[in-house]
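What follows is a single chain, given as structure tokens, in the form predicted on its own.
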Amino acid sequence: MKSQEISKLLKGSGLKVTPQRMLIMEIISGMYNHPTAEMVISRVQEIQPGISPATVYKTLDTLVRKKLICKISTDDGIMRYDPVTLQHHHLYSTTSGKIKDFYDEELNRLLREYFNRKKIPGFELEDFRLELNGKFDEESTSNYV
């Protein structure tokens, strides 16, 4: 994601455009592996050693709260960050820990229809993300990511 796009996203969500927010958004959008906070901190410190881990954590929380990035928890309890806010799901490898994005509008439609039919009392569906656990055969998943 380009700096201009990031700046526009931050402004559009009511946030000030700060060097820390710009850097963290650039790092997350450039990492295609759904990074952990520690991975982001490590990269930030390589580029701007003066930015504290506490600032990175606070910034990540703010970006999640403003829905500029998503926070996902893997089956093994590790929290990761995803710059893709479009409706999608995750394929999680139980052997390697890799996460790949999975886009399927038919599945999204089926889930929405299912929950509309169920009419769970006191619950309104706003969003959903599935984590599908399995093992990757790298060649066979390339069409889905």
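Residue numbers here begin at 1 and follow the sequence given. Being a predicted model, the structure only gives us computed values, none of them experimental. Between two forms, the rigid core is the largest collection of C-alphas that superpose within 1.5 Å.
Not pictured, yet referred to below: the form predicted in complex with a further copy of the same chain.
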Here the chain appears without its partner; judged in the model of the complex, the stretch of 103-111, 52-60, 38-46, 22-30 with heavy atoms within 4.5 Å of a further copy of the same chain is 103-111
TODO: Check whether residue 122 has any heavy atom within 4.5 Å of a heavy atom of a further copy of the same chain in the model of the complex, and answer yes or no.
DONE: yes
If you check in the model of the complex, is residue 13 within 4.5 Å of a further copy of the same chain, heavy atoms only?
no
According to a 4.5 angstroms non-hydrogen atom cut-off, is residue 133 in contact with a further copy of the same chain in the model of the complex?
yes
*residue 79, heavy atom within 4.5 angstroms of a further copy of the same chain in the model of the complex*: yes
Checked 87-104 against a further copy of the same chain in the model of the complex; residues with a heavy atom within 4.5 Å, sequence order, are 91, 92, 94, 102, 104
Is_shifted residue 54 between this form and the one not shown (CA, 2 Å cut-off, rigid core): no
At a 2 Å cut-off on C-alpha positions, does residue 67 qualify as shifted between this form and the one not shown after fitting the rigid core? no
